[in-house]
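Structure 1 and structure 2 below are the same protein chain in two forms, each given by itself as structure tokens.
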Structure 1
Amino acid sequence: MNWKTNKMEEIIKDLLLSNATSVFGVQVDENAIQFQKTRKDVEGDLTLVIFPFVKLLKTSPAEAGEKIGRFLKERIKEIDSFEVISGFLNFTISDKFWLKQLNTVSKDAKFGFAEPNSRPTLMVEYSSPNTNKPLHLGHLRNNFLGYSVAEILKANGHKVIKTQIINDRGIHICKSMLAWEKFSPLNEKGERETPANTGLKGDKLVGNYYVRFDQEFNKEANEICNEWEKGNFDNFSEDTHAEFKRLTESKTGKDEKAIAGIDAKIKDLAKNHTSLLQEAKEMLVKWEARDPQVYLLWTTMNSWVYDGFEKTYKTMGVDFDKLYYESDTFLLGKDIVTEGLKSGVFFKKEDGSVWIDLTDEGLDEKLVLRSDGTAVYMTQDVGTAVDRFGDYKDLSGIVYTVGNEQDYHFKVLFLILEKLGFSWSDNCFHLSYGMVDLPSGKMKSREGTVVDADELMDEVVNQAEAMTQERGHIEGLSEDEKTALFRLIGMGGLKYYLLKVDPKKRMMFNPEESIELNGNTGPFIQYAHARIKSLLRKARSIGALKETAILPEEKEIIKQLVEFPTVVDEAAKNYSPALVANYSFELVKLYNTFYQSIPILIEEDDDLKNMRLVLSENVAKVLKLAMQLLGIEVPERM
């Protein structure tokens, strides 16, 4: 059920709104009734902000607070007392009320989750890899973020379709294909390298050839630069010679940094004249024309990559409901561009390329079709969006989980869709997230310096194994159970570390920190769950919750528990798993304080003992639900 998060807030708000004329003399806006958490140095469970009512009551904040406080205490039996401090009205709520809240939490196995499919259908796109390289650390943040956002939206009542668009075409794909054709060594059977004859995962093998292309590409560009330095411009146009001369002369009087920038421009000029790049471009044109030989090479190498991706996704613990391929959607995109050209949304330049003018929107002109007729990313993204809304008639919006370096791209995409007349373009959202850095700096896939996703996942699992064996406490587990536990802890630590940071923020990743047992980490949460499960096993049975006194530590835990539906709702609105992660961390800290200072199993009062077991049981339940939203498993023992 969709449970109201803070029942007392609702009771107070309804009472003030329905009695506004007698309390304030006029009707008041619902938004004027504002609550906040009570400061830790002040007694109370709930705080009402008084300032919005001071003018209405024509009195001081203290007098206004007294009047509102007396009015509410007389009518709400659960309010034990109130105190006004500097314009804030602090209420102390009865133990009976909080026990009733705990009982409500206890009765709902899916506490905090809304009714399934009670809200509009949304699609969440994530991963969206290129088939010219394996998945890396950046893909881990992307996948964990997209999967978690999808689960949070589901918990908030939305029907959710998880999807990815596979970037399986374009010049970058042709670079890997060409490098494999040109540089793959032959074995004793006369076969080039394949996953089958090398034992290498297909995505890694293809990725190696993408790196190889770049190495050979740079080598050829350097050779051209050397020839130009010698004055040899045979087979190069006069325009190229003139541009080289202009750039070289512009170095005069410049500092070292400026000269390096000019040298980079000269190298880019040389790169555009390499035979390798020309061959890759020719291969792309052949691919779009469905040349049989090129197409067979493409399908073969892509199939290797898909097999590799599937293994990585399984280890990640993510899944998809529907896959889209750019090799399909770019065709629809080209058709849409053709129609848009006729209707005046796009325009054609002299060289035959097709553009859209967005200068009135404060942007610039954007290419949507090259002069040779081949598609660009924008072309296929338009086609993909239209294809998705065609496939799912009840689809109300799409959440694109893509790094913030593509912010401009998505502004343009959504504007193009709007200008093409698609009303649903307003419901397309770019979940823009920050990059993941390493202590050694930024990742560069062409140079082969990325942190491979498979290797990183293996590393954190191995570290989790070493940490767990060092601690002990795993006696009695079979080898298979130990292996499963190590993977659960390692992957839980990795996911939590990448999700606890607000998506918009750039972050530094430290594998060692991710599996630590103390601090804001996944294993810290997992260990708390396992500890509670151990406690409940020792207790054997839990009776019905009865009325009893509760200590401040217990009340704080209940207050945190009843906040969970609000957290799920806010996390969905903000597309932020970090809210769920940090809520869980706060809940565990409160529980640990309680566990370490208050007797549970040795408590002699049966009603008190039982209440503490019910409290513990519900902390474990909510932690499990919260971690489920992050794609993290929690162990029964650890």
Structure 2
Amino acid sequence: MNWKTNKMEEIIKDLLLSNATSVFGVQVDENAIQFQKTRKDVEGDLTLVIFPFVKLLKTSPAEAGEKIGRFLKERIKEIDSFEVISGFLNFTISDKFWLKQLNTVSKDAKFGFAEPNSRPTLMVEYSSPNTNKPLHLGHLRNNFLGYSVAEILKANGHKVIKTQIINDRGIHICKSMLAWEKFSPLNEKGERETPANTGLKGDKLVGNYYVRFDQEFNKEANEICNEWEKGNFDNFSEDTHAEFKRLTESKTGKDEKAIAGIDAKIKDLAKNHTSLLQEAKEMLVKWEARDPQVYLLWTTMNSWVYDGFEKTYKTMGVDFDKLYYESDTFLLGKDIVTEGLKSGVFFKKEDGSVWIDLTDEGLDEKLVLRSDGTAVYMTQDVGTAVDRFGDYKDLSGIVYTVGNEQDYHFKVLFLILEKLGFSWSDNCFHLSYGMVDLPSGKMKSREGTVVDADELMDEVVNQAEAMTQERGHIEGLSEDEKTALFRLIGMGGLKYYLLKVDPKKRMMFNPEESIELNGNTGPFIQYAHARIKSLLRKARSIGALKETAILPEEKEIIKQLVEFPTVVDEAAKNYSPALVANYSFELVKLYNTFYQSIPILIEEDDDLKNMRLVLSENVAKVLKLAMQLLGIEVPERM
């Protein structure tokens, strides 16, 4: 942990703070001491902003800078010189200092990483899919983000438990089940379709029936609409007839858009009267009553989905330490709500539904239990959170990796937990990330524009293969090694593409760009690593660092290396793998410039050659560590 005090910023800051009264006449705030990178076109390695001190010293920025500069140069031997330019104090630091920094970096195999388990235990939830359809592009962003944040928190010393909540109950599950029972064709043995007899991945098979339900559901609703249009209301109530009439009449005189909206309402009305929806609802009631037949169907179809997900997760390279199922936690949620009702946190309306009043917090009233006593989403989330803190006594907080469409939900959830008196509610954080858009617009399952996760991952790996074969750096690798390499490159590219953008922001997924190898991409970073490894193999041995001169290109790399611990720290504070990606990209650019213009192996001065090898070795090391934080592997050769 001595890297922190090693940084020149810290040395200067400490010195200024402890001598503030003699330099400035008064004590100064720590925040007044601001450093920044020295501009490229200006001489110097580090810049101190003078403006905050100008008032204190009651002189011009030039004189203030001069005074501070002189003070520091006298006391810090590593400062070679300084220069004040329009309110900025630029220091030039000695080569010896930078070599020492490089030495510090090279001594630490896990440079930038804190002592494992030295900080509180956190749970990171991610993925959390519904069990009625396969994973898609949005889940990829979610999974890569959650996994990466877990790694980043670990690197900062936290013990991390990776988890997901599996959304395995509810009407949507019943829809797939019902469609399968009703519409699956029978084979010659009289069996309905299964993953085994069709060869389909379980999640895909179940997803197909979810889609099938929706199709049949719409068909039936349309038929009902047609009957209504003809004035046939034989099988419907007076109320329904009246509602239809009211809606139809409200269309007159409206514009196209409004009419479309009304038509949608009529369709919804029809949907509510379909026999399919009725059957699905009946199935849900049976499920809640643990009807043996429905339960068997449910466990069977869910197990198909889990098998399918398992394969997808494996390809993604993500895993979980503990799984939670809503079918297990919703009951606990109901109990907690019942208790909260007694203690006055919640209140009951006449129809028996239970609510929480958040109007004092500027929010609305929120339902926590339906009038029929069944659980809603919020109920089970309360239950799950409490369950988790019960399971892990040392748990200090939970990070929920969930899309920003649920910002409101989590705001409410955390408030409810707080009102229920759980002290840990403060340590619950919604890692809210933006949606992934396609060049054609939003992904919509109804319009079939959803990008399937398995297909996309296959595609990027195939592309990686084609492009790697083209370059031809891989002769001598076995077939297995080649397959692993293509996978590593394809997945590395995809992960990097999805992680390099600030998680909070909505992002554009461009299929062509996601498999690009040039520029700010995963393969660009991987290539730099492979190239260094190749260099080190040829160098055979590396000795200890000797005192040498260092070139500007080399110094820039050392400066960037020294920043790594700060980036690891910032990435955790901001829950942002993007900071790690951007840092790595900068490091590679600096290294490539160096690599391209300065000879290494053919350098005749042994000490210089050795220093360049140490530098290269540490760039490779830090790149590998950084990519590890993103869940990306780096190759020895490519």
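Throughout, rigid core stands for the largest set of C-alpha atoms superposing within 1.5 Å between the two forms. Here, residue number means position along structure 1's sequence, counting from 1. Being a predicted model, the structure only gives us computed values, none of them experimental.
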query	finding
Identity of the form predicted alone among structures 1 and 2	1
Is_shifted residue 543 between structure 1 and structure 2 (CA, 2 Å cut-off, rigid core)	no
Core fit, then residue 351 C-alpha moves 2 Å or more between structure 1 and structure 2	yes
Per-residue C-alpha change between structure 1 and structure 2, residue 371, threshold 2 Å, rigid core fit	yes
